[in-house]
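Okay, here we've got a single chain as structure tokens, the form predicted on its own, with questions on binding and movement later.
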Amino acid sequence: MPPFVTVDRQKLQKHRSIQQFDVSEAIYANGGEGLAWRVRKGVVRLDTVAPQNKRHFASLAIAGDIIGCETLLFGCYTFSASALTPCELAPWPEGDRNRSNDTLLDVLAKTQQRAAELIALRGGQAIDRVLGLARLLADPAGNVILPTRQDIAEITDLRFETISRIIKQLERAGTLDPIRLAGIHATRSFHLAGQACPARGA
């Protein structure tokens, strides 16, 4: 666990604005100083970093989740974060008090819930893992932007070839219906048939 570090939070205030990130763009690196962020749109991948800068999948954050809150305790990030899909992040806590009611305990509870969901994606039948990830990432309308096949493989602990085969299988079955979304590669945007998705934060 990193030691507690005194960080000049005032120095970081100039970065307190909504940030946009493209697919695969780095958001922050482990060990760096920075702010906590709420994911407003998109999906963020969190990784631990091993020697030779080899990254290992650690967790995901979706719309409504908060990342980087460890900087409030330790003064630096303990994970590296990158955008799996186009992302929009806002500094946390927000200036809008109506959206700033999350305590660190609330954040911890949501993080544990997300960890449990991700553990479920790494066991069981391969098709159920991929479908479970699609359901996790789908918006309330049932539309989903899937990460790259390689990212899906690392998240679900499956082979790249298996991911490609399963996605084609789900397309043939009509479970994943390809759609066109502006700025998104045609092979990654789908409508999840029969999916009733709860609103984020429910």
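All residue numbers refer to positions in the sequence shown, first residue = 1. Bear in mind the structure is a predicted one, so any value in this text is a computation, not a measurement.
Same protein, other form: the form predicted together with the DNA, not shown, and the subject of what follows.
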| query | finding |
| --- | --- |
| Contact assignment for the DNA in the predicted bound form, among 90, 107, 76, 126, heavy atom within 4.5 Å | 126 |
| Residue 172: touches the DNA in the predicted bound form, heavy atom cutoff 4.5 angstroms | yes |
| Contact test in the predicted bound form: residue 48 vs the DNA, heavy atoms, 4.5 Å | no |
| Close approach of residue 158 to the DNA in the predicted bound form, 4.5 Å, heavy atom | yes |
| 4.5 angstroms heavy atom contact with the DNA in the predicted bound form for residue 149 | yes |
| Stretch in contact, per heavy atom within 4.5 angstroms of the DNA in the predicted bound form, of 135-143, 164-172, 54-62, 39-47 | 164-172 |
| Residues in 57-93 with any heavy atom within 4.5 Å of the DNA in the predicted bound form | none |
